[in-house]
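In structure tokens, one chain follows: the form predicted alone.
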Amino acid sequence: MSARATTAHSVVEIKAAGKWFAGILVAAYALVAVIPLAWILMTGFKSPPDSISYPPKVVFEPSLEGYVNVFTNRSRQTPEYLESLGPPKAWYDKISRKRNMVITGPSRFAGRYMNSVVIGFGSTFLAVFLGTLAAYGFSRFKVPLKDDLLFFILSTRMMPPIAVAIPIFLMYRTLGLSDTILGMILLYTAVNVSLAVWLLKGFIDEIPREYEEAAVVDGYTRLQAFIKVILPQMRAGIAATAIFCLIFAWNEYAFALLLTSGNAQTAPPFIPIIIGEGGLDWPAVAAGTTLFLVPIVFFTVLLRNQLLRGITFGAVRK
């Protein structure tokens, strides 16, 4: 019997030309996606005249004026008054003096930024926590009218926020939750929990029941089996779900604009109204936007490996 060399090829193997074409498309898409972000980053380091110059300046003298303006309130003063103050003591005072302005105090940006952090991460934690418990129940137990309940949960995600904005506004005003951090956390949790339930149920369905049954045979309770067996295998799914929930809560604008005005106002409705001399202070707006992107980018990069695993989880069945 003679041995014959055989070569096996995957039916989905891509030729070299196809790989090059796909690489070019991905690079082009990445370039198109990065250009707006790069322009925002550049605008944050421009002076106000450079930010509105035409044609737009690509090469310019960097300035931290936008970052100073986003964190401070300023007032225009006469040259005589500025001379009476003496030389500026801090670097940010020097930047303001160049515009014949003095810093009168901190702006509200830092407080609005912290509100976004607390509301965004707080609602994400609650949505993922409640979604994990609900998804486990739907996946592992016989729930009456399971499909109808899952569709009802998902249907809450289909409704545009503006359609329920007025009823929620009236309800919050009656309950005293308007312009409160607790009210915004509860609202974003209610919106995100439907997404969390549907995403996490798919991940739990992919985990064999035999793992839990073996843990129960070894003496674990149902809760212990869930914590020690199921949760470790759900890390990828939880990370992916958390990122999607955080992105919604972090960027949400309609509810934040309608339901908050002072104490609980977040950064999205605050950044667009940063006013400088003559109108919008574009360097300050760009600086605030850049700082607003940092936590979500850091959180996504931190969980990028789990995110990639979570998105592809269950795509290949053995």
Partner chain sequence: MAEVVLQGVGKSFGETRALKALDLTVGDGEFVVLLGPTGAGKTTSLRLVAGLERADSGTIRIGGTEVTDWPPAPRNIAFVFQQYSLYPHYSVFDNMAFPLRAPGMDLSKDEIAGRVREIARLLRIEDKLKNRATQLSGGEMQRVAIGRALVRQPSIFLMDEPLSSLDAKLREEMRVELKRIQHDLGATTLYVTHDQLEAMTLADRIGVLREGVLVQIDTPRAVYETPRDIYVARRLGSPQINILDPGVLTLDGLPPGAAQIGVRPEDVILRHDGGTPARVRAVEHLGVETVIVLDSGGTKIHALLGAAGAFAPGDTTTLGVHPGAAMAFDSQGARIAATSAPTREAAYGT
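Positions refer to the first chain, counted from 1. Please read these numbers as outputs of a predicted model, since none were measured by experiment.
The discussion below concerns the form predicted together with its partner chain, not included here.
A.B. asks: Within a 4.5 Å heavy atom cut-off, is Ser194 in contact with its partner chain in the model of the complex?
C.D. replies: No, no contact at 4.5 Å.
A.B. asks: Spell out, yes or no, whether the shortest heavy atom distance between Phe129 and its partner chain in the model of the complex is within 4.5 Å.
C.D. replies: Judged by the heavy-atom cut-off of 4.5 Å, Phe129 is well away from its partner chain in the model of the complex.
A.B. asks: Considering only heavy atoms, tell me if Gly176 and its partner chain come within 4.5 Å of each other in the model of the complex.
C.D. replies: Heavy-atom contact with its partner chain at 4.5 Å: absent for Gly176.
A.B. asks: Would Glu80 sit within 4.5 Å of its partner chain in the model of the complex, counting heavy atoms only?
C.D. replies: Output for Glu80 is no: heavy atoms all beyond 4.5 Å of its partner chain.
A.B. asks: Which of 203-211, 93-101, 182-190, 237-245 has heavy atoms within 4.5 Å of its partner chain in the model of the complex?
C.D. replies: Checking each option against the 4.5 Å cut-off leaves 203-211.
A.B. asks: Give me the residue from Ala110, Met159, Val143, Val217 that has a heavy atom within 4.5 Å of its partner chain in the model of the complex.
C.D. replies: Flagged contact: Val217.
A.B. asks: Under a 4.5 angstroms heavy atom criterion, identify the one residue in Val229, Ile168, Val118, Leu199 near its partner chain in the model of the complex.
C.D. replies: In short, Val229.
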